[in-house]
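Here you get one chain, nothing else, as structure tokens; it is the form predicted alone.
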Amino acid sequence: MVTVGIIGLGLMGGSLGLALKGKYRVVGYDRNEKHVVEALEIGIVDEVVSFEEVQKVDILFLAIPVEGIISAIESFSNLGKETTIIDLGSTKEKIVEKVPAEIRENFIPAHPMAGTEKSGPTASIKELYRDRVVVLCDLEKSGEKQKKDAFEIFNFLEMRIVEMNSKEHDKHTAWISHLPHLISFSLANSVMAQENRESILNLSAGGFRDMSRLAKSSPNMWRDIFYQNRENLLESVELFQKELNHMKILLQNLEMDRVKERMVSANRLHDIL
């Protein structure tokens, strides 16, 4: 049986372990002892191993924050030539740049467009990846065996595979993932600065709950994502601010028909989604 290793047993790694167990032998590693205990209790992995041992598997997933991915790949010392390494980071360009040349063919840069605002092994969902998109980047520099492994495993997870280069990926995710998280964090802070806890609990309705849900996401993880993709994120923030300011001016001028036009234009997004 092919052995899959997972570094990081939180939401993403834990959900992966639950989905792959049975088809593959799954071993895991996590620096957080609480995560290790929970992963074994839940049955996320067949065995927890050391950092050195987890590198000896056939297929190795890196399900840790993006800065941790870079640290891990720079410290690998026990990899075999046939080992496939698949990172699950939300950024790609900076990670790809840091992959040592001697293991670049081993490496598959991947981003599953899946997740929730929750974290840790107890948040794991066996079906998290099913019917979701996974983006594979810069595959022309990956080995044939590694590409075969990646396609087989993501097809087993019933994911939709999209290929693009890492630079393009980071520009797109700045808009569809990273900016929404930044807005949600900012909205939560803005409301808490104006409203007391009681009023928030009593009056918050579906709209605010939907918009602020992402603010429950892991600050450690998102700090690293914002750092690695900051140039694209700053560009998206600037353009978003222009649109927000445009709406502000229309409201100040009581141009309500034009406000409605902007809302009608926004409605068209869900004709696509």
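In this text, residue numbers run from 1 along the sequence as written. Note that this is a predicted model, so its numbers are computed, not measured.
There is another form of the same protein, the form predicted together with another copy of the chain; it is not shown, and what comes next is about it.
- For the options V191, A123, A72, L79, the one in contact with another copy of the chain in the model of the complex, meaning a heavy atom within 4.5 Å, is V191.
- The listed set H172, K141, R130, K145 contains one residue whose heavy atoms approach another copy of the chain in the model of the complex to within 4.5 Å, identified as H172.
- Although the partner is absent from this view, N32 stays clear of another copy of the chain in the model of the complex, with no non-hydrogen atom inside 4.5 angstroms.
- Another copy of the chain in the model of the complex comes within 4.5 Å of a heavy atom belonging to Y227.
- Shown alone here, P100 lies farther than 4.5 Å from another copy of the chain in the model of the complex, counting heavy atoms only.
- Using a 4.5 angstroms limit between non-hydrogen atoms, S166 is distant from another copy of the chain in the model of the complex.
- Shown alone, this chain has one stretch from 203-211, 38-46, 51-59, 23-31 that lies within 4.5 Å of another copy of the chain in the model of the complex by heavy atoms: 203-211.
- Contacts of stretch 213-232 with another copy of the chain in the model of the complex, defined by any heavy atom lying within 4.5 Å, are made by R213, L214, A215, K216, S217, P219, N220, W222, R223, F226, Y227, R230, listed in sequence order.
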